[in-house]
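One chain follows as structure tokens, the form predicted on its own.
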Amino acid sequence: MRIDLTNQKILVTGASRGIGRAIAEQLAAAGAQVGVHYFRNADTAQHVAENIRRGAITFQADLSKPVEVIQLFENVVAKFGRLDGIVNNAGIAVSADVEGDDIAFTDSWSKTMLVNLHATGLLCKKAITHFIEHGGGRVINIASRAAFRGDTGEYLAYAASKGGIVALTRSIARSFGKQGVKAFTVAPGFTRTDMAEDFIKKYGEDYVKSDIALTSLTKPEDIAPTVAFLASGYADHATGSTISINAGSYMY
């Protein structure tokens, strides 16, 4: 079986580094034209686009601002002409002490929800209507093991936002499948990214590995092939499902 995404146009959010970058590279390697979304890392995003070629274009947007989320989708469609898929990967993890200041907790909660859930929901809305008008498409939302297992007390908002993504994705699959829209969730566990390196430095790699069933930590490159497979159409009858990629650290 060969995954061929030639002529597909796919937007990947948070594609300048980490999991998003690996996904963008994998999709392009399979033939897709990729929209490389970034927030601050313009030079890095441009490097990614130039490296993967195939007409990749960078798009900047602050996903905490709904107006910019809408503009992002519309800019991608204007450049590409249409979209065949969207990978909602961008996300943040803001810690908050439940015993700390209420306003600070609320601020971190709101920021997390704006980026992780509200922006994803708005992009899904735009994608659904676009896909229905253009013969169908695929939504692939990157959630987290935390949506099912939960997270630590400092990251209640992160876990809650990722749980919302799972419910959102399943609702899209149930509601719009007959109109050609398929939706999938990918739920990574602890993954070796720039964001995770601080945790590894603080607690040590052996501590992190003690939580998994394999001998090595998951890398972004371990997640990207699954996304390409879901984008290919081979898995359309798995619409609404969640694929866990967490090195056996949580099974359900």
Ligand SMILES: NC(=O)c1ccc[n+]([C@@H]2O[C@H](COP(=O)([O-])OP(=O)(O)OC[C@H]3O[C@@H](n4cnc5c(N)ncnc54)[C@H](OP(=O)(O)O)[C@@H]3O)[C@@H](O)[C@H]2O)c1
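In this text, residue numbers run from 1 along the sequence as written. All values reported here derive from a predicted model rather than from experimental measurement.
There is also a form predicted in complex with the named molecule; it is not shown, and the following applies to it.
Taking a 4.5 Å heavy atom cutoff to the named molecule in the predicted bound form, the contact residue among Ile142, Leu123, Val139, Ala157 is Ile142.
In terms of contact with the named molecule in the predicted bound form, the residue from Glu205, Asp62, Glu221, Glu50 that brings a heavy atom within 4.5 Å is Asp62. Note on the interface: of 209-217, 50-58, 25-33, 63-71, the segment with non-hydrogen atoms within 4.5 angstroms of the named molecule in the predicted bound form is 63-71. The shortest heavy atom separation between Tyr38 and the named molecule in the predicted bound form is within 4.5 Å.
Shown alone here, Gly91 lies within 4.5 Å of the named molecule in the predicted bound form, counting heavy atoms only. Proximity of Lys9 to the named molecule in the predicted bound form falls outside the 4.5 Å heavy atom cutoff. Using a 4.5 angstroms threshold between heavy atoms, Ala196 counts as touching the named molecule in the predicted bound form.
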